[in-house]
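What follows is one chain in structure tokens, specifically the form predicted on its own.
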Amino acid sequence: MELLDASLVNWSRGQFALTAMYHWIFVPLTLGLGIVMAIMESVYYKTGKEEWKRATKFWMTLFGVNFAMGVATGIILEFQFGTNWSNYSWFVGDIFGAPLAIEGMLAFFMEATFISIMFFGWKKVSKGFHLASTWLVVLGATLSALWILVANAWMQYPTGMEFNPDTTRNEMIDFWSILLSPVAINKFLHTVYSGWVLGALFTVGVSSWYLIRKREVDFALKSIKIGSIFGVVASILIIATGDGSAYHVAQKQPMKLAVMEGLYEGEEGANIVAMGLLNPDKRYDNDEETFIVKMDVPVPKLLSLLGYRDADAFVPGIKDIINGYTLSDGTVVPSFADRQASGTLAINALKEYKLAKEAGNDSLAAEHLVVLRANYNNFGYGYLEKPEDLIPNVPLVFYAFHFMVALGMLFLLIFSLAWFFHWKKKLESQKWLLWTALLSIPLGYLATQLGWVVAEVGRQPWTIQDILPVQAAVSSVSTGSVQLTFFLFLALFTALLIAEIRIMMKQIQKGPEDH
């Protein structure tokens, strides 16, 4: 694989980030709002009360608008693997393509089959079959997310594969280890729960608008009751899976954990930073003693506990990961220089293996193959030039992580207060809470985006952890063509987003209809 110029790499990354972030505006609301409308229809099925059917149809309309926009942006996103990241697609397409193919065959088929019944089958099928169709649409959307997240988790923790030097491709040898990878399971659950939180926040916020306007009071109170309880449950679940995420990141991607906490010097019994401002002058190789300055509110030993299930465990910092370190059990973690040398050996061994095979010298090829396999785990390091290449954007990841956590705590507080005042039958008089819930809807979208910034920027420079850096993964296309399509996508996605906001606001202003 040939390395390409930095401007092409950066523009390709920028275009993919643009598409992914626009797509993710629509996906989490689909996941969360789908559960809300399905719960409401379940209540309607059980009670037979028309007001629950009316509420279900209202939220279903907003779900449908959002769902359509998500499909449109998702298709473009998947095509970019072939247009902008062809080296990546060739190198791991046999593995990465499998979850995407299953998504198309299973999840899309399920959604396409039942979504028409959900929207247009109210008078054509039984109540039970219609309810089942609604839940199957929600299940299909969730399964769609599953396969995408399995593929993404594999990029963060590659497993179940074997490199074939004859084709220069990674090939799947264990599908179940990819699907049931602890990283994949935790990433799927954590991401889906984030969608649930946004769906609950959207429900509570929009319903609060009706209470502020003194419109559709009974509908709004019922929706807030469902949304607030659902939101509390989702928030608790996301905290639990967030703990799992910290553990897996510590085990599989220690650099990401160090950057999330701004930890340059490793330490035993490491604190977690509840709040902090970064020292912009700190570098891994200078003499500054601390990276956190001005406002550092630590929680003692919590980082060691979350990352290693041991309050006194050693947590490596950025400097340790670059220079190498030794764990308490005596395991030596090699330095960047050692892994770079190992990766270079692997790359050269692959080249020599191919030359020997072409020359018909099988014995020499076998010798090079042994070297390749012994060093393949560090293959990607051979494409990196200097230690700094291994460090993600520290301020971006650090602040994204801490703002995301703070927003999650805010949402849990909003859900808890909304449920409490609803239970006390005093919610309508709490204007401050209603306004807070309404104005927090954009913050829900921000929190989901920040989560992906932490996940994806935090694993840079890797497209596939330790195996393939981004500069070796892009397509051999002109920078100008990527720039052109970047701005075309920006205009297209912005137009779609504006259209969705206008349509949804019109529906909200119109309110639930009597059928």
Partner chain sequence: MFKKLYLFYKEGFSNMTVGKTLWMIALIKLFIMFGILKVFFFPNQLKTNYDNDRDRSEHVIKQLIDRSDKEIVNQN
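Residue numbers count along the first chain shown, from 1. Because the structure is a prediction, the values reported are computed rather than measured.
Keep in mind that the form predicted in complex with its partner chain is not shown, yet the notes after this line are about it.
Remark: none of the three candidate residues (242, 440 and 452) comes within 4.5 Å of its partner chain in the predicted complex, counting heavy atoms only.
Remark: residue 509 does not count among the residues lining its partner chain in the predicted complex, judged by a heavy atom distance of 4.5 Å or less. In the predicted complex, its partner chain lies within 4.5 Å of some heavy atom of residue 70.
Contact check for residue 496: a non-hydrogen atom falls within 4.5 Å of its partner chain in the predicted complex. For the chain shown alone, residue 84 is a contact residue for its partner chain in the predicted complex, at least one non-hydrogen atom being within 4.5 angstroms. Residue-level contacts in the predicted complex: of 393, 326, 168, 126, one residue has a heavy atom within 4.5 Å of its partner chain, and it is 168.
Checking 206, 318, 347, 148 for any heavy atom within 4.5 Å of its partner chain in the predicted complex turns up a single hit: 347. Look at 72-80, 180-188, 227-235, 403-411: in the predicted complex, residues with non-hydrogen atoms within 4.5 angstroms of its partner chain sit in 72-80. For the stretch 466-497, the set of residues having any non-hydrogen atom within 4.5 angstroms of its partner chain in the predicted complex comprises 468, 471, 472, 473, 474, 475, 476, 477, 484, 485, 488, 489, 492, 496, in sequence order.
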